[in-house]
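Consider the single chain below, provided in structure tokens and representing the form predicted alone.
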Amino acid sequence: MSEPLIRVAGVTVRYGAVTALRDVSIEVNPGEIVAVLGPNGAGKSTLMRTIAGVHKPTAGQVHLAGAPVESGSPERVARRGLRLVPEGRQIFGPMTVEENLRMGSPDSGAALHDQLDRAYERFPILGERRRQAAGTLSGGEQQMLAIARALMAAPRVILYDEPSLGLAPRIVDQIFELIVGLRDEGVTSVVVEQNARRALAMSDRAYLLAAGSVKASGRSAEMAESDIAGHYFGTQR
């Protein structure tokens, strides 16, 4: 088996006296979709931001493609092929759709124009609204823009933090179909998601976080049928 693309080994993260993650270990293999599930406050977003180099672990290590992730250097992590689509999208509202997309690319000239063409091919609605202020888009369109911006640099792995939050079911279907399609193109995905049933149906493997610790993990199909998953997921939408 190939080396994991992401390895989180015994990671603990504290904010002052609050422990957000406690001895968390996960692995993500190339070409997988891995779901990270759990209730609010479980530490899921902290885990994503730690992998992306935003937070520094109090203990443990994060490796990307075999090399340590430099905490506090999300730009360097991004240059190594990882992109985070954050909760709340964090697009630049006053800027146009195309200006937002350009912010996601390290390239210029013909390469940039090819990336823009590909983004508009994936998301035709963004092409129609390319000169529109991003802040005037609908929630679903903003989520598409956030994902399209992440794809501008052709990343190896994308971390999605609550991609379905606040979206209509039709838009959620489109987003999840895109993530599956990207797997077929070789893009690895880690998806933090409250909609556990949908996430398990889409993903290859899953981890269940609660109170900052991993409580269960395994193949997604098996997790969906397990006693612990059934107890937890029965509370989900």
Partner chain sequence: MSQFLQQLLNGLSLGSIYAVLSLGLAMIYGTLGILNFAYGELITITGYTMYFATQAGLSFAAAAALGAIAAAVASVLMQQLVFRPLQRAGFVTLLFASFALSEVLQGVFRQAVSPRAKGIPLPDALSNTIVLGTLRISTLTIITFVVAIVALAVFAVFMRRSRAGLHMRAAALDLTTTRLQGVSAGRVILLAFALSGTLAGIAGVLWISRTATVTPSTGATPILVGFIAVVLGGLGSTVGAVVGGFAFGLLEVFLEAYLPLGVVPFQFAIALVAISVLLYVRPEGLFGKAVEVKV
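Positions refer to the first chain, counted from 1. Being a predicted model, the structure only gives us computed values, none of them experimental.
Omitted here: the form predicted together with its partner chain. The next part is about that form.
- Note that among 160-168, 134-142, 83-91, 119-127, the stretch whose heavy atoms approach its partner chain to within 4.5 Å in the predicted complex is 83-91.
- Though the partner is left out of this view, residue 154 does not reach within 4.5 Å of its partner chain in the predicted complex, counting heavy atoms only.
- Taking the partner from the other structure, its partner chain in the predicted complex has no heavy atom within 4.5 Å of any heavy atom of residue 196.
- In the predicted complex, its partner chain lies within 4.5 Å of some heavy atom of residue 49.
- Within this chain, residue 111 is remote from the site of its partner chain in the predicted complex, having no heavy atom within 4.5 Å.
- Residues 74, 102 and 149 are all found to lie within 4.5 Å of its partner chain in the predicted complex, as judged by heavy atom distances.
- Shown here without its partner chain, the chain has no residue in 160-175 lying with a heavy atom within 4.5 Å of that partner in the predicted complex.
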